[in-house]
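In structure tokens, the next block holds one chain alone, the form predicted on its own.
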Amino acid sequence: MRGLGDFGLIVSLSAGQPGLKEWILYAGDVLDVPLAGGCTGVGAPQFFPYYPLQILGLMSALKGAAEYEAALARGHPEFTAANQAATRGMGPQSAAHLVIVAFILLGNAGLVLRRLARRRSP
């Protein structure tokens, strides 16, 4: 290998800068090297426009990692459940999201009750 252009594929698993976007701009666009990447959930929307022309695949957040593990397990049965950390993490993440939704609902219910109490008071 003499340079970056000699690579057959670049995979960037990153959050922040420098990261996947810089690989797209400097390796993918300039040198036409195939790219794939993984990123955080909040960073994923900025990469959607690059798929599938400038990046071959995008694994976004824990959900994307769990989907990758499931696909890997289907294609390679020797990939055991003990190796599936992202899949195991989906349960706690779902529970945390439900708690957040519950707090939003409680906050909105409190707001409505406070407004009703103000209307009733003279």
Partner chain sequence: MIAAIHLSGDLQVWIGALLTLMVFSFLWRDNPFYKFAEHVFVGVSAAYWMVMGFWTTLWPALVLKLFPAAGRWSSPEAPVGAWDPVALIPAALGLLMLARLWPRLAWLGKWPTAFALGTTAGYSLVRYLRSDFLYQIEATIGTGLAPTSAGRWLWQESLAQLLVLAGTVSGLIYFVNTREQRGAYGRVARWGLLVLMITFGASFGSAVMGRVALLVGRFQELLGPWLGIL
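Rigid core here is just the name for the largest C-alpha set that superposes within 1.5 Å across the two forms. Keep in mind that this is a model prediction, so the values were computed, not measured. Residue numbers count along the first chain shown, from 1.
Beyond the structure shown, there is the form predicted together with its partner chain, which is absent from this document and is the topic of what follows.
Annotation: in the model of the complex, residues R2, D6 and A70 none come within 4.5 Å of its partner chain through any heavy atom. Heavy atoms of I24 reach within 4.5 Å of its partner chain in the model of the complex, making it an interface residue. Within 4.5 Å of some heavy atom of its partner chain in the model of the complex lies at least one heavy atom of H97. Mapping the unseen interface onto this chain, G89 counts among the residues with a heavy atom inside 4.5 Å of its partner chain in the model of the complex. Taking non-hydrogen atoms only, G41 approaches its partner chain to within 4.5 angstroms in the model of the complex. Contacts between 36 to 70 and its partner chain, taken as any heavy atom within 4.5 Å in the model of the complex, involve G41, V42, A44, P45, P49, Y50, L53, Q54, A61, L62, K63. Once the cores line up, the CA of L9 ends up less than 2 angstroms apart between this form and the one not shown.
Core-superposed comparison between this form and the one not shown: the Cα of L53 travels less than 2 Å.
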